[in-house]
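Here you get one chain, nothing else, as structure tokens; it is the form predicted alone.
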Amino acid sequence: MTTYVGSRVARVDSVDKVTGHAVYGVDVALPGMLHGAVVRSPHPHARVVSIDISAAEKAPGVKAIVTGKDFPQLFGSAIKDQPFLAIDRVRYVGDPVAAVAATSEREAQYARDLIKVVYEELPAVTDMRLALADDAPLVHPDMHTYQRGGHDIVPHTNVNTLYRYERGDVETAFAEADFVFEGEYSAHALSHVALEVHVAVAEYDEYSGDYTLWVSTDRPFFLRDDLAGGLGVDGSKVRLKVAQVGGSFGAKGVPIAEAIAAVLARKTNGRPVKVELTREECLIASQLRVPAIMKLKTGVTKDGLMIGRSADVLWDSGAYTAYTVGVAIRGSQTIVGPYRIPNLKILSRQVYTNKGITGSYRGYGTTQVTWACESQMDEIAHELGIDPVELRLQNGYEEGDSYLNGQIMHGVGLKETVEVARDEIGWGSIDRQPAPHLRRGKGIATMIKPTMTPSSSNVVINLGGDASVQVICAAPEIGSGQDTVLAQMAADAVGVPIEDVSVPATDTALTPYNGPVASSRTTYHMGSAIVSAGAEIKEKVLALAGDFFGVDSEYLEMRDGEILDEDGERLIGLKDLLAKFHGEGFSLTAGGRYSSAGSPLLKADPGEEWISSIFWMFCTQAAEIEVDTETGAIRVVKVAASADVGKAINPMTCEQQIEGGVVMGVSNGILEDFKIDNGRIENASLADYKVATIQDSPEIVPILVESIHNEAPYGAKGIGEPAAAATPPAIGNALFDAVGIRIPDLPITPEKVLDALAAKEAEDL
């Protein structure tokens, strides 16, 4: 029995946020704090011939200037390929070359503009296809010498990730198929456009050699280790304090502002340095979604049974790899979609180009591959004369099915998500022509996503003498409501009112290790740790109560701060009980840990256990759109968005995640589009880089499907990522339903629609 889990509890941080009392990274201000400004490359590829800082050193307020030669170390998660500042060459427009710390932002910017850099331009490669050519300029000629993990590369080329996977016999499957469908699809680079820009404040203690940073990040321990590795110190020498985070969507996990702030702080005699990127810098010099070109070949029977698929996926990491290696490997696996396909062949390659850094983006590769997979599914359905919904139901995973590596899947609510989305959108009925120049259509798309596996979470729960509960963990609140969800689970696990539960801010020196607040893993992993620690706290309290009343604690219960007997009658309040044991000086502490490593749920074919996921996420969206045949503009009228959440700890926050994901999907499906010329982003402002606003938001109907996961806390899985992936293909498929055209390359712009309509009209003549 739960009191708070499953309830629409108001967010615990809501009052602080709406009243402006919440402290974000941009709000951090320390005594004696300096401000940083960065010199950035104007070239996509060039040798740094010289840097003249003499005039800048004499500028008012300047306290430190750093260049790449001051810090020649490299950092990176999978490949250590990125310098703090360019050492001998720049590799993209926006690459940091030098940085200044001064007593004010204006003084820092003034001094920055006095730094003179001489470049010798080098041949650049800004197209991922051309990066594969034998004679392509090498972005990293020394890639083969870099420290990296165990993944494959192709030395002396631009291919920084090479992954192959085969199962069954694809060629035989194609030979036996009644129909073979081939197509090429592409997904473009996107900015995360978090409300809060990248920001960090760094302080260096020259006596202890310790770095302390106030940061805005979703993965503090990963970021700490990246920085420590680049700085050449142990992780214990780098301390990260995380305030509220104004959104991330995967953008704030690698050193961006943090790297610059840390190296500046080394030269300021102990004064802290704040580096806050402008919005333009966020668009050109943080990290973007990884662009992809995806070739799909699928064999099916005349009845619509999928029997074989091959995929050739090319990813563009930009100038450095950041977190893109995992995207290229794990993302490519999900191009199979949530479907049973016995014969598979996947080739995934990722290349360096002289463009901005790419990396994690909400969905970690699934937003790209879902576009390709679900676009082709719709093509197959229409060519075979099968209802697109029925084709997905026919091939979709069910409880107990095997994933491509042989893992038995548990907690599979895929088909129910398809059915409820179909019903809510009114599949099969539509007013196709509400006006002479308008056409309406409906489309559907579904998806699958794993979570980071294995990974671990740790928590310490402290019960104070005043009956307050602290959940001490490294799970920063990034705007998605996890503080509330964690507080709900802790309140029920311990048995106290939720208003007595707090989740202090993350501090890597004080909070125990946690994996990232990413991969939709927090509710499942941290929730499991909280349930374990909470149960121990409750057990200790009931033992005290049993001793006090002279009864066996086995027959006692604690709920909502009250000690109850075996009949559910109140014996004493928790606060009153604790007052008997030294009151304010009393405390109980318990630690909880959860790791998915070793779970029997991960059992798979020998050598392929690493592909398993401790839980699987499913999401289906059905969209109704309106197309203006005179302008090519698309208006998304309604989206029915269903998600398999396992168990909704807080249905309201789950629905908010779905709604936010849909708006994000609409935005990157039909609006967002970088204009890039020779590696230079020409529309690096929110005036020109268009993101969805409330005016672009359709009617959204979020629907929660609960397929209880037996190993999860209260049965809950994750929900944060899937909703953004299904929206663009649902829109694209609705476009075909409305006017009979397909756009294989995102985004679906009015210009592309008009060109396709004209081509179709010419073809029909």
Partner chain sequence: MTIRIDTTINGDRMEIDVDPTLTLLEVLRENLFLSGTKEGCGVGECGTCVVLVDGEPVTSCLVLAGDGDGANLETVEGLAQNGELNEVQQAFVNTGAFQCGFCTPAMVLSATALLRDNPQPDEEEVKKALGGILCRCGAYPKILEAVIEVTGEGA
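Numbering follows the first chain given and starts at 1. The structure displayed is predicted, hence computed values, not measured ones.
Not on display, but discussed next: the form predicted together with its partner chain.
- Not displayed here, its partner chain is approached by Q695 to within 4.5 Å at the level of heavy atoms in the model of the complex.
- Put simply, D27 is close to its partner chain in the model of the complex: some heavy atom of it is within 4.5 Å.
- At the 4.5 Å threshold, heavy atoms of L754 stay clear of its partner chain in the model of the complex, well away from it.
- Contact between T212 and its partner chain in the model of the complex is not found at the 4.5 Å heavy atom cutoff.
- The stretch from 291-299, 138-146, 185-193, 257-265 that comes within 4.5 Å of its partner chain in the model of the complex, counting heavy atoms only, is 185-193.
- Here is the short version: of E203, E557, E655, E419, the single residue with a heavy atom within 4.5 Å of its partner chain in the model of the complex is E655.
- Screening R570, K580, R106, K540 for any heavy atom within 4.5 Å of its partner chain in the model of the complex leaves a single hit, R106.
- The three residues A124, I284 and I676 each lack any heavy atom within 4.5 Å of its partner chain in the model of the complex.
- Although its partner chain is not shown here, in the model of the complex the stretch 649-679 places heavy atoms of M652, E655, Q656, Q657, E659, G660, V663, M664, S667, N668, E672 within 4.5 Å of it, in sequence order.
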